[in-house]
Ligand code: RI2
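Just the one chain here, laid out as structure tokens, in the form predicted on its own.
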Amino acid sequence: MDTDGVTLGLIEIADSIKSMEIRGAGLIARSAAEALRQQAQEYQGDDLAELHRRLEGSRRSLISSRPTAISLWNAVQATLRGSSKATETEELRALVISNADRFIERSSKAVEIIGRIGSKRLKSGMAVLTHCNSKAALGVIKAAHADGKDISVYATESRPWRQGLLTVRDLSAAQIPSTLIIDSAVRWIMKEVDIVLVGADTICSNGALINKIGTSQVALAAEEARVPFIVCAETYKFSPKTVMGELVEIEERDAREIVDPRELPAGVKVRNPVFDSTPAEHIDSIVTEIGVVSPYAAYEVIVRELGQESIFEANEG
């Protein structure tokens, strides 16, 4: 354990999230909830203050692993919701375990529900373009395929981590025809595309989408070609933090993910942003587990699904 009483298992999960061994907003969120549940289960003492201390240390470790991932923040908040009101150790332990189980179950079902809802937007013969590797977006495509619709997919390579390879492997396993393209070919291929489906890292209260770098360029190319641009996102990806004016920090990662610095001339800098922002006006709709909503309804989704309490918690940091 570290000085905050955080278990080795939780530290390993936090490190895996930070290093992107655990990646994808949904998996990150469920891993965080599971880690907090284990932390509560493994403490066998009867000191309420000590369990609070350990859970707080765990919260800090997890949040700091990917501070820009709102799915992680929402998962942690949902798992610890009401914990400050617990008056006994066993009550606190049971509450955290119950909250974690509820979050994991609901988030696991969300992709399936989104798939069923979103598949209604696809018709046989359509060509779909997707960017990066979104379980929610792929869920829509797979659901349409399962319904007997003849769907083909263009998948961007999604540099520098090349998540597009994961996408085409997943599609191939489901026997869905797919074509891998380089990121810079998006505008060129858009003339052959009928609809764009992407996932989300974060949905802001003003309806803006924070997602894999390059998403905003895909949206602009789609708008120019009058191709619908649809976001597939679970409600725990909506950010209560942005209600209070907080801007989403665009994470930048190590330049060595792109190029070996030894290959560069002296003085040349490298920028490696993970995400970009797509304004609401470039988004046709957002498919969630509660239905298809306008990006301009993001605030209502936050209040209804995450609760007014989440907004206050976000404002308190």
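From 1 onward, residues are counted along the sequence shown. What you are looking at is a predicted structure, and each value in this text was computed from that prediction instead of being measured.
Missing here is the form predicted in complex with the ligand; even so, the following discussion is about that form.
Chemist: Using a 4.5 Å heavy atom cut-off, which stretch among 206-214, 240-248, 182-190, 77-85 contacts the ligand in the predicted bound form?
Modeler: In the other structure, the partner sits against 206-214.
Chemist: Select from the listed residues A219, V140, V96, A200 the one whose heavy atoms reach within 4.5 Å of the ligand in the predicted bound form.
Modeler: Spelling it out, the residue with a heavy atom inside the cut-off is A200.
Chemist: So which of I11, V303, M20, A297 gets a non-hydrogen atom within 4.5 Å of the ligand in the predicted bound form?
Modeler: It is M20.
Chemist: V196 near the ligand in the predicted bound form, any heavy atom under 4.5 Å?
Modeler: No, V196 stays farther than 4.5 Å from the ligand in the predicted bound form.
Chemist: Would T167 count as touching the ligand in the predicted bound form under a 4.5 Å heavy atom rule?
Modeler: Contact with the ligand, no.
Chemist: Answer yes if any heavy atom of N133 is within 4.5 Å of a heavy atom of the ligand in the predicted bound form; otherwise answer no.
Modeler: Yes, N133 lies within 4.5 Å of the ligand in the predicted bound form.
Chemist: Examine G57 and determine whether its closest non-hydrogen atom to the ligand in the predicted bound form is within 4.5 angstroms.
Modeler: G57: no contact with the ligand in the predicted bound form.
Chemist: What residues in 13-39 sit within 4.5 Å of the ligand in the predicted bound form, counting heavy atoms only?
Modeler: Those in contact are M20, R23, G24, A25, G26.
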